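One chain comes next, on its own, written as structure tokens: the form predicted alone.
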């Protein structure tokens, strides 16, 4: 019967009852999982939290408790929040890079269009362009008001 004890009961050096609340979520093949959770939250508090939850949510709660405890042990000050802040900063940096690249693409696109227009314009007659704008390069003596 000693080999069927869960990691929690082994860690706490007690007999593992058949209805042990920890046995499904802290198996004996991963003792470090319960050690982290116990160090941060305490076995009694974890047991109470798991008992207060519906059975279908207990596995997710045990995983969350383990993840938070693991992060808290690695970073005692910030825990999971430190990782979340790092990820938010990375997202912000990538969004800034995307915005910068999109602006460069837009600038290069308008610059390429203006280059195309400049390449087309030299092929046109200057008098034609002036007439299109309502200007005339020719000087008509009959339209002058002085002699």
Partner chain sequence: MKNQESRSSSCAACKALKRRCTPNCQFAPYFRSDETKKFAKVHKVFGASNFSKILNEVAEEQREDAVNSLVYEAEVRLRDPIYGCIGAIASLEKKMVELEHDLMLARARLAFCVNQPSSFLNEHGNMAPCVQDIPVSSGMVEAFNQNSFYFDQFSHLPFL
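This is a predicted model, so every value here is computed, not measured. Positions refer to the first chain, counted from 1.
Only in words, not in the display: the form predicted in complex with its partner chain, which the text now covers.
Touches its partner chain in the model of the complex: residue 110 (any heavy atom, 4.5 Å): Yes, residue 110 sits close enough to its partner chain in the model of the complex that at least one of its heavy atoms falls within 4.5 Å.
Report yes if any heavy atom of residue 47 sits within 4.5 Å of a heavy atom of its partner chain in the model of the complex; otherwise report no. Flag for residue 47 set to no.
Check residue 80 for me: does it contact its partner chain in the model of the complex (non-hydrogen atoms, 4.5 angstroms)? It does: once its partner chain is placed as it appears in the model of the complex, residue 80 has a heavy atom within 4.5 Å of it.
Is residue 40 part of the interface with its partner chain in the model of the complex - any heavy atom within 4.5 Å? Output for residue 40 is yes: heavy atoms within 4.5 Å of its partner chain.
Who in 87 to 108 is close to its partner chain in the model of the complex, meaning a heavy atom within 4.5 Å? In sequence order, 87, 88, 90, 91, 94, 95, 97, 98, 101, 102, 104, 105, 106, 108 come within 4.5 Å of the partner.
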